[in-house]
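Here you get one chain, nothing else, as structure tokens; it is the form predicted on its own.
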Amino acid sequence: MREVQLLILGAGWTSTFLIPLLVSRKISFAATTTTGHNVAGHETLSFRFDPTASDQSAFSTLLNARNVLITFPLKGAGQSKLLVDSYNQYHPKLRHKAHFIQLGSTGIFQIPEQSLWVTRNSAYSKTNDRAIAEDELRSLGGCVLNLAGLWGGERKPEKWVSRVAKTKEDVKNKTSLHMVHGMDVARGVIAVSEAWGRDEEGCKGERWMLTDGFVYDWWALFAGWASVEKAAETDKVTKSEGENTGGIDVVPSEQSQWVYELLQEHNVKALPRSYEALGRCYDSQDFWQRFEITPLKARI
């Protein structure tokens, strides 16, 4: 059985950025989906990890890989060990022991009384199901990449406004936001797998945080996107009537108007607000410095 550099378990949204980059860099890979459908123009293997099944022989259909990327969440105790043990059981003839990389979320750091500046070494929820599984994987020598909010392609943050802030109170309670583009996640995964190839112990048991290096203020974003949704609605109407006003005389969004009311009410002089007002700020410099790359798609 041939060996690839990277096996992607669960080729979803992230893989629409990762697969083209692997192809352009001529890095061998294989990917799985539950149905075996094409992703980014490439075939995938049909595979589904069922942690409740007594028979894990589905792992025998997977290719040998130097690095195994787990994109779907593993939860609670036992699932990470089962996945690692099952893969190793059905791939005993690997030239090198496989490295396991889990994609996680920075949400595990959202705990009461968290420090202002949060790093990969900060306190996190030890009772969170995903954190429990991640810690188990790390204890087995795996590596975890905790990702901030994902954007890119069809994921456009400005489209989230009406969903995340339906009322003025919602806007008032919005503080910091942290993001990372799918392309930079892809670049990060490749950087980790390549670094691990150079240094067998370098990534073992590590947890890394990935953001684009910005701390966004939701109020500033609401204000900056004042015309986005209203303009889109206007364009739909005028285009259907055979005319496009180009967004002229568009009324600012409710969220934007609420922001300016709140600025007066809370005596905030300008946007963005201070880091102290935002309350929780992620510092992901460790990752970019360790792997000697910088974000390509910083700033939403």
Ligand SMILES: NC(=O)c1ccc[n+]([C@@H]2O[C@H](COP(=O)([O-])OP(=O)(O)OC[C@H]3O[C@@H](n4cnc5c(N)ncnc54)[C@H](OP(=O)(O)O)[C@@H]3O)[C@@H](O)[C@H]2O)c1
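The numbering used is simple: start at 1 and walk along the sequence shown. Keep in mind that what you see is a predicted model, and the values were worked out from it rather than measured.
Just so it is clear, the following notes concern the form predicted together with this ligand, a form of the same protein that is not shown.
J.: With the partner left out here, check for me: in the predicted complex, does some heavy atom of residue 284 sit within 4.5 Å of this ligand?
T.: Flag for residue 284 set to no.
J.: Heavy atom to heavy atom, is residue 130 within 4.5 Å of this ligand in the predicted complex?
T.: Residue-level check for residue 130: yes, a contact with this ligand.
J.: Indicate whether this ligand has at least one heavy atom within 4.5 Å of a heavy atom of residue 150 in the predicted complex.
T.: Residue 150: contacts this ligand in the predicted complex.
J.: Do residue 10 and this ligand come within 4.5 Å of each other in the predicted complex, heavy atoms counted?
T.: It does: once this ligand is placed as it appears in the predicted complex, residue 10 has a heavy atom within 4.5 Å of it.
J.: Would you kindly say which of 141, 157, 213, 73 lies with a heavy atom within 4.5 Å of this ligand in the predicted complex?
T.: Contact residue from the list: 73.
J.: So which of 56, 64, 33, 257 reaches within 4.5 angstroms of this ligand in the predicted complex, heavy atom to heavy atom?
T.: Going through each option in turn, the one that passes is 33.
J.: Out of 271-279, 258-266, 22-30, 42-50, where are the residues with a heavy atom within 4.5 Å of this ligand in the predicted complex?
T.: Of the options, only 42-50 has residues within 4.5 Å of the partner.
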